[in-house]
Ligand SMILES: CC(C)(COP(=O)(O)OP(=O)(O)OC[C@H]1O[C@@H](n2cnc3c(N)ncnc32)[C@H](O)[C@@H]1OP(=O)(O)O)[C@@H](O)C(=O)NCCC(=O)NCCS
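Below you will find one chain, with nothing else, as structure tokens; this is the form predicted alone, and questions on how it binds or moves follow later.
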């Protein structure tokens, strides 16, 4: 039997910086000490990532922007509206990407939206699938969510294949759904329900 976890129990678990693990990667909440590695990885992958993300601010790679990002994420955790992880290679403990549980909603919905990014050099190694599987398990078993949503650009074959391999079902098409790289972009919509994981 699965018992509902209280808001305080869910947040306390995350406040302890729970490390989620799989065979080749581990995930943990970001901290200010991650700035140098995070900014280097993001700068190196800027051209690769920009077509798939909201427009980067002029100061997006500066330490002050990273600190603001952490503050905003901490507020989202405190309000029980999000969880945020960086992804590391277990073998050398190097950062390879990030994955978030965004827009958490409880009450009658108990759902959230999955977001993720992975450095170009680490594509095709199964890292994101392992990370996503760990986050899915955490979402359903610790956060007690009933459903995860995800969306991706129509031509993002890697993301589409990832979601399908994780059991997400394609549920629709949304014109001008999100503002990506400063342009309103169509998205394919996917969903994963908890009962499909049991």
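Note that this is a predicted model, so its numbers are computed, not measured. Residue numbers count along the first chain shown, from 1.
This protein has a second form, the form predicted together with the named molecule, left out of what is shown; the following refers to that one.
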Quick one: from 102, 109, 94, 123, grab the residue that has a heavy atom within 4.5 Å of the named molecule in the predicted bound form. 123
Heavy atom within 4.5 Å of the named molecule in the predicted bound form, from candidates 60, 149, 159, 142, belongs to 159
Which among 49 to 57, 33 to 41, 168 to 176, 63 to 71 is in contact with the named molecule in the predicted bound form, heavy atoms within 4.5 angstroms? 49 to 57
The named molecule contact in the predicted bound form: residue 127, any heavy atom under 4.5 Å: yes
Let me know which residues along 80 to 99 have a heavy atom within 4.5 Å of the named molecule in the predicted bound form, or say none if there are none. none
